[in-house]
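Single chain ahead, by itself, as structure tokens, in the form predicted alone.
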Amino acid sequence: MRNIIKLNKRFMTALVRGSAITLLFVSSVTHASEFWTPALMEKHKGGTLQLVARSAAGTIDPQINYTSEFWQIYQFVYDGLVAFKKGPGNAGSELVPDLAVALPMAKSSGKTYVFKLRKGIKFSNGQPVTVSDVVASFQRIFKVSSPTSGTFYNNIVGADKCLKTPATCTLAGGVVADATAGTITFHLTQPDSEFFDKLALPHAAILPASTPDKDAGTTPIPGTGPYMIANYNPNTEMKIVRNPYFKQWSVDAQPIGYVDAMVYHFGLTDEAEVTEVENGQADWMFDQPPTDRLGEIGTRYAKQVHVSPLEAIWYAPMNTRLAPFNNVKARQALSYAINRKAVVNLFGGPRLGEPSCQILPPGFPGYEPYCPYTKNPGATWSAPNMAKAKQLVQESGTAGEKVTLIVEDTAVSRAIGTYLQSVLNELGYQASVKAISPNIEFTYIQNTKNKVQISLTQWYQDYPAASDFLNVLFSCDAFHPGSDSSVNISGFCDPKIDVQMQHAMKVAITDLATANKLWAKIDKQVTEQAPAAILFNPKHIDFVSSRVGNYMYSSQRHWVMSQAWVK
């Protein structure tokens, strides 16, 4: 899942000097029921939550959008058969039944699951949710070429045909509805230890069967959560209101929200965002505060800052199919040359980021510390090795090539991009930086038609499994030429590594420990091929207004806005 977090060194320094920086990541409370009770609802229900951001995040189609900015919204607008619990911290990674009555036991040696659909649930347009909607929703994943159709859902019987000819996708024999019994049966081509995780993602949201088989763009699609998107203009705002047909069926899966409405304003300057949060005109800003406002935030508003752990990477994907990065030595050269400490300082300093060379983040399943791209190769990064980098460039014969780096038009991304430009120039390339709106950058860098050589972006876990970084970002199935939904941005495809990834996913079904050791080896192999220069692992920060109460941070979807109150 792609995200955008924007911090800088001065910001963090100011916060630390404020001494009261609030590490409000909830550790003493571990149950969702402590954030939502009838008594709390009676006391705090009502009001409007005001959200601000520099830009929107593209389409609001939940089966296409792949950004954390909007996945935060989708968590209380859409539901799947399964959900990640609306709980604090790591409790937010717990799987619970959502539109399904229960999590079913696997049959047929792990290849068949029978879900029973809850009764009485309606979409926000008043239509009841039926098993036919479930079947149509999974067909639509392929018909709209969802970014994860080839990696998360290709294990469903019939998915192979759907991937080849999306328009006629039926998933015949793969997703079977029984209207009389109220069940939906999934038949898989092979067991999948991450099947429930994948069903809990927004791409598997259950939508009305009548939803058009094309990107919804700015047109809201009815959902089943406590809120619905009333209107959306990516240039101005998104209005979110209560779903009049919502009735709470599970506090863990989908609790009623406290506020009556949310308004997400786009197009503000950084200065305006800070001022509005400080004044209580806005309750949360998506972007980082500008440099000249950092001192006051750190000293006067520290209690409104929430810092939380995060499983994520900032990285620079390099196009393995375009010069100069179709040469592995050119890719490795850049990885050797980058001063990751300098990049971390541009992001916010060592309290908010840790240098890294490898794909998997620390603590993640399969993670074993590994950094070949440093002066002293080993477990961790220590310093750049420019001599080695220049040697590789000479060996590659790519010196003098023109290179354009694509970054988001944000202060931090432009700063890091300018730094990477200087590194590329020092290596002997003719580098330039092109900054484009965060609203379109992520889709732009995915599409091979744009011939992007190198870009700067981020990746945040969809769920805690090594495949969510390695298989999703660097497998052959994740590369879709000519599509805005090709999350394998580097176009990396190594059949030998692909076979190992498929094997690791099979082993995980019965022996997760062994599988994670296999993923550790795969992590090293992909890192050595350098389809991307991994820069650092970030932490997450939210800056909220003084009137926001009941702040809950989930490891899966970050701030759970529906559980915040403003009165």
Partner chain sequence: MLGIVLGRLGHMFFVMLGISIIVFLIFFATPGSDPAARIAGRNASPETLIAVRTSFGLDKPLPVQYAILMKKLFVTRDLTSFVNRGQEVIPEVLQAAPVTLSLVTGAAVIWMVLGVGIGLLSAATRGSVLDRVLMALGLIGISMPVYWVGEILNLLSQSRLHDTVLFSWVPALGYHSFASNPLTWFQGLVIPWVTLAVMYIGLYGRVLRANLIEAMQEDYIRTARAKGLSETRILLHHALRTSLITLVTLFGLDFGALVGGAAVLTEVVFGLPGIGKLTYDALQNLDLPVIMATVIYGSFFVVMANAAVDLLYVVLDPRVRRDD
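Bear in mind that the values here come from a model prediction, so they are computed numbers and not experimental data. Positions refer to the first chain, counted from 1.
What comes next is about the form predicted together with the partner chain, which is not displayed.
- For the three marked residues, Thr112, Lys506 and Asp523, no heavy atom of any sits within 4.5 Å of the partner chain in the model of the complex.
- This chain is drawn without the partner chain; in the model of the complex, the residue among Val251, Val157, Ala272, Leu322 with a heavy atom within 4.5 Å of it is Ala272.
- Glu278 is the sole member of Glu401, Asp197, Glu278, Asp133 with a non-hydrogen atom lying within 4.5 angstroms of the partner chain in the model of the complex.
- With the partner chain omitted here, the record of contacts in the model of the complex names 209-217 of 254-262, 386-394, 305-313, 209-217, defined by a heavy atom within 4.5 Å.
- In the model of the complex, the partner chain sits beyond 4.5 Å of every heavy atom of Phe536.
- In the model of the complex, the partner chain sits beyond 4.5 Å of every heavy atom of Leu518.
- Contact between Lys85 and the partner chain in the model of the complex is not found at the 4.5 Å heavy atom cutoff.
- Shown alone here, Phe246 lies farther than 4.5 Å from the partner chain in the model of the complex, counting heavy atoms only.
- Residues Val472, His480, Ser483, Asp484, Ser485, Val487 are the ones in 462-498 with at least one heavy atom within 4.5 Å of the partner chain in the model of the complex, listed in sequence order.
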